[in-house]
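What follows is one chain in structure tokens, specifically the form predicted alone.
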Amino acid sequence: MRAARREDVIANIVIWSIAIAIIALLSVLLAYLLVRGVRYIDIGFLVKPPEVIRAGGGVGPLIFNSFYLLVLSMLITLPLGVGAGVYLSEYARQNEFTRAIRLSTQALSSLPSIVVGLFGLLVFVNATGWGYSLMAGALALTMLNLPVVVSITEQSIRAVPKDFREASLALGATTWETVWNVVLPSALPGILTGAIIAAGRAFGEAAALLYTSGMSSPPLDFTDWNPAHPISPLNPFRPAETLAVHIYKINSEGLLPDLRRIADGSAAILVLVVLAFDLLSRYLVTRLVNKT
């Protein structure tokens, strides 16, 4: 008993030490980015920038591009990912076809984002004739995030107790009615967690977007909301520089006289926006789960 208790104490110390070390590392990194960048953030930096920030105006349009690209990507990723997860967990039999699907999702999840970007350049940019565009970037992000959503959806649905399904079927519900009214609501917290993870990755992605959505944005008219117009912010087939790509670009070029100020301020904004998005998403998920 003493030996077992001693091993338990040692294991707890090791686990807590690792957890504290990870939290401390993340806290130091977060504090470093914010301390260096927050002092440069003001209204002018967002909407009325100095001349060295490129056409299109400051980082405000870049933040809009990032969110718009995120919305386009999630509109494609979530239906496909959740649908595939439901199929694999509820309908698919264990055969060569389903094994091929799981193998494909695992292979996609291990692909470097730069490889996805090059594939997107060949297929979504050149083969389709769209050129650099938000839609090409959204499809590239879908390739990156689809395996995450599929895997988490399948695991969340499989975690729902079989008693729930059996009770629903015993009451005369069909398989689809059971999935829609019983299984999916029970698995909703896990599915939404996967969606938040995918959304956070999409918002901060840069490598895959360098070759798909492009590294520049045309001047936008924020009074024109017709998606068919070339300068409309809602046009999905226009090139769009996101905030993460902007940070990479100005650092790689090194041509701006106040590069450090712009890079640090942009990085701080990116971190703050991701944190705000994550906190808001988790709050909404908690509210939704409590209601269900």
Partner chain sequence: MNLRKRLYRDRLARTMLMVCASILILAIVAIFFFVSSKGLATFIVNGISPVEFFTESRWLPDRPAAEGGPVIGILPFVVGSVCVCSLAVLISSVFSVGAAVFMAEISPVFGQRILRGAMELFVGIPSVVYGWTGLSILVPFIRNHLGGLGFSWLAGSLVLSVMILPTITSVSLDALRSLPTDLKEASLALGATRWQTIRYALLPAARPGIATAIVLGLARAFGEALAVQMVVGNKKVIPHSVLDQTITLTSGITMEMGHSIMGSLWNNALWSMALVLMLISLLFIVIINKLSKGSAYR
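Residue numbers count along the first chain shown, from 1. Model, not experiment: these values are computed from the prediction.
We do not show the form predicted together with its partner chain, though everything after this point is about it.
Scanning A167, L188, A173, V182 against its partner chain in the predicted complex with a 4.5 Å heavy atom cut-off leaves one residue, A173.
Listed residues L146, L192, V160, I152 were compared with its partner chain in the predicted complex; L146 is the one with a heavy atom within 4.5 Å. In the predicted complex, at least one heavy atom of Y91 sits within 4.5 Å of its partner chain. In the predicted complex, its partner chain sits within 4.5 Å of a heavy atom belonging to A84. Looking at V38, you'd find every heavy atom of it more than 4.5 angstroms from its partner chain in the predicted complex.
The shortest heavy atom separation between T105 and its partner chain in the predicted complex is within 4.5 Å.
Looking at 7-26, the residues that come within 4.5 Å of its partner chain in the predicted complex, counting any heavy atom, are E7, D8, A11, N12, I15, W16, I18, A19, A21, I22, I23, L25, L26.
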